[in-house]
Ligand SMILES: Cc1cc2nc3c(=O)[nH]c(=O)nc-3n(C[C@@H](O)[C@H](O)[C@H](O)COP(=O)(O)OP(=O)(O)OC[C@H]3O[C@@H](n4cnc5c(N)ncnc54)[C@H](O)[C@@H]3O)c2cc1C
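One chain is shown next in structure tokens, namely the form predicted on its own.
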Amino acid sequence: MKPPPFDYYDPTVLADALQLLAEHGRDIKILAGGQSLLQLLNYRLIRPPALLDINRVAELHLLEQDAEGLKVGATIRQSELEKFPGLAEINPLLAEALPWIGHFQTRNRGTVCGSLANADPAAELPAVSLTLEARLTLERNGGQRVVSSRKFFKAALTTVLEPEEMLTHVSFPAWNYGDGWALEQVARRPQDFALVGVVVLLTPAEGACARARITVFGTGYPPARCEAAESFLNGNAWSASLLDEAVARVRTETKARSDAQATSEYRRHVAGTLAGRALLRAAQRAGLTREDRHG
């Protein structure tokens, strides 16, 4: 099918783009990579009167590292970030997550901020941003606000973005080089959306887990941190029994929906299994254990 008729705007200055958002509000959709938007248009699931193409706005093509971390602008493709020099050192969790996103053709067009703004429950980048505690800058005509990743995602495909706002860039904090990390997920086929996935980040201190971050995604709900499991791990020395109890808490804590692909019970069970694998890999990378077993 072909998309319905729409007015098309392609400003070259951010101020002009924000002015168009202010004027049109809910009647205009932002086009960056278009990997989700174009499908919705072609199937006529949405019929916006206007499109705002931001690809010629030079201010949004921002990808830089500084002492505070990594800043990624709204038009940076996932493949650009994937190929950013030294990414595996700058942020190894991002480097591990990006190849999981669709196929390379998808990443050549899809943007990092677009994936965050789309807020698909099965997407990797929202879960990674939540684990890394990224901060997102939302701009409108005449002002801006910075939102934590914890507050940005409200529901499946729903964020705190207002109709007149644009996600102009996301900031990932500087990497703590002692941390251990891992991402595990299950999909029907390679590069499909995850049926369920888990992202883990562990900070060690004196042989113990000083801080754990565990995020479950792909459950039909927005990505969510498993706070009970995190609190249980925090401050404790690593052991097999500690891992087993954390896995059990992840299963109990995970909210999941049933659909044509998987039941909620399956997703909760697999979330625990993947959490065990991810926690073990992260613990090994953090130097907390050399044990070779799955939870």
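Quick caveat: nothing in here was measured; it's all calculated off a predicted structure. Counting begins at 1, following the sequence as shown.
The protein also exists as the form predicted together with the named molecule; that form is not presented, and the subsequent description refers to it.
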Tell me whether L37, G110 and L167, taken together, all sit within 4.5 Å of the named molecule in the predicted bound form, counting heavy atoms only. yes
Students should find that, of A182, A117, I214, L130, the residue having a non-hydrogen atom no more than 4.5 angstroms from the named molecule in the predicted bound form is A117
Sort through C226, V270, A32, A246 and report the residue having a heavy atom within 4.5 Å of the named molecule in the predicted bound form. A32
S149: touches the named molecule in the predicted bound form, heavy atom cutoff 4.5 angstroms: no
Might R188 be said to contact the named molecule in the predicted bound form, defining contact as any heavy atom within 4.5 Å? no
Using a 4.5 angstroms cut-off on non-hydrogen atoms, would T106 count as touching the named molecule in the predicted bound form? yes
Any of the heavy atoms of G102 lying within 4.5 Å of the named molecule in the predicted bound form? yes
Would you mind picking out the stretch of 201-209, 173-181, 74-82, 141-149 that comes within 4.5 angstroms of the named molecule in the predicted bound form, counting non-hydrogen atoms? 74-82
